[in-house]
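The data below hold one chain only, encoded as structure tokens and taken in the form predicted on its own.
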Amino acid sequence: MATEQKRSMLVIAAGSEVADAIVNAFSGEHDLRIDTKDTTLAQMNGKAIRAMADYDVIMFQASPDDSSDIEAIQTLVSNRSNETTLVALADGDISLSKARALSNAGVDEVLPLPKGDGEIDAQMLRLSRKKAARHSGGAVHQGCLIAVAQARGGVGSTTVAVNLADQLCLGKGRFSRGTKPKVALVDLDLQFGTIGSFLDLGEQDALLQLAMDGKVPDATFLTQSMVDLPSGLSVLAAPSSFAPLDSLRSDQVAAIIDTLRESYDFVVVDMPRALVGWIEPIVQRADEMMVVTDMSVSSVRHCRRLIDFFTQDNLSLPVQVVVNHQHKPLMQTRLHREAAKVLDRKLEHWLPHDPRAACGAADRGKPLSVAAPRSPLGKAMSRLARATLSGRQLATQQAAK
């Protein structure tokens, strides 16, 4: 009988306060060994490199403003030959640009410094358990994350997110001969999210509760918070009450995404209108980004800015442009060609201006597949979902080679 391998974590922090808080947070995890070093990553020098062979997770306090910390991280990453997860602990109010500096240096996760109440417990448990599953030969399920953003307000990104998720539930492509895929739809537009209204759901304040409590969500919280529709689609709607943009933290959003990807084949996220700091985990984890726009000059320009923002740290991130409110032209005009040149993307996905179908579906609180499946917009959404599935199939096949 195989012996279960014990998980291991190394905590590097000057002073005992941070290390003690982490040890206390995991006091009930008897299969997790935690060692601590009362020093900094930079002061460990080669000892940190050698430690990667002995630990599943290495956590260390770091500041993006300290060049010695950045250099130490880069050295550690350049010498990494196994799957050790590197986690940087930074101030909880770290800005998006500073979090990116740590990510660019090579860390896998950026989490806030613990406050002694175990708030990082759920996130770190997930990281360490993933490593244990890999080492024991177990498979770690990781669903496809599709983020949907808008070039401007009112362009229809919520319509795209809702109906894309619904169409993915229908089981086309590689799922057609087996069980239907499990799909989760998450509305992270905390202030103006309307997915709940689109699908005629009752008031949901799970995200607001999460923000107020300040806890990192786990699978139980999400299971209790999500609404399951007859189609099989699971929905986490935006709060019915107004929520400040900064009410969520990056580690909370990362936990939501990571937990859902472990249970669902596809996770579709309707992005907030503002580029707040806590969207960084979504951008880092996205398998595909869809930016919804129209052909107005201002929208195309904003779309280009969004693409640059999303890809500045990940040039290989697949970004699809979805042109809404316009039929696909038989021949692209000069305007279309110029827009494609500005966006540096082919304009392959077009959704026709079909207010009768769109408004009818919204008024009934039903997706287009139910309210108007044979409408031009309903057919176009079906084609978009099929193209998405085909793209994921191709990416999976290439990754397996």
Ligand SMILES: Nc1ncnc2c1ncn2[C@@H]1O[C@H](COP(=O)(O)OP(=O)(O)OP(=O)(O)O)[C@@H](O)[C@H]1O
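Owing to the predicted nature of the structure, the values given are computational and were not obtained by experimental measurement. Throughout, we count residues from 1 along the sequence that is shown.
Below, we refer to the form predicted together with the ligand, which is not included among the displayed structures.
Between 201 to 209, 148 to 156, 252 to 260, 274 to 282, the stretch whose residues reach within 4.5 angstroms of the ligand in the predicted complex through a non-hydrogen atom is 148 to 156. For Asp189, a non-hydrogen atom is located within 4.5 Å of the ligand in the predicted complex, even though that partner is not displayed. Proximity of Arg50 to the ligand in the predicted complex falls outside the 4.5 Å heavy atom cutoff. Taking the partner from elsewhere, Ala358 is found to have a heavy atom lying within 4.5 Å of the ligand in the predicted complex. Contact between Asp354 and the ligand in the predicted complex is found at the 4.5 Å heavy atom cutoff. Checked against the ligand in the predicted complex, the residues Lys98, His325, Arg304, Lys215 give one hit for a heavy atom within 4.5 Å, which is His325.
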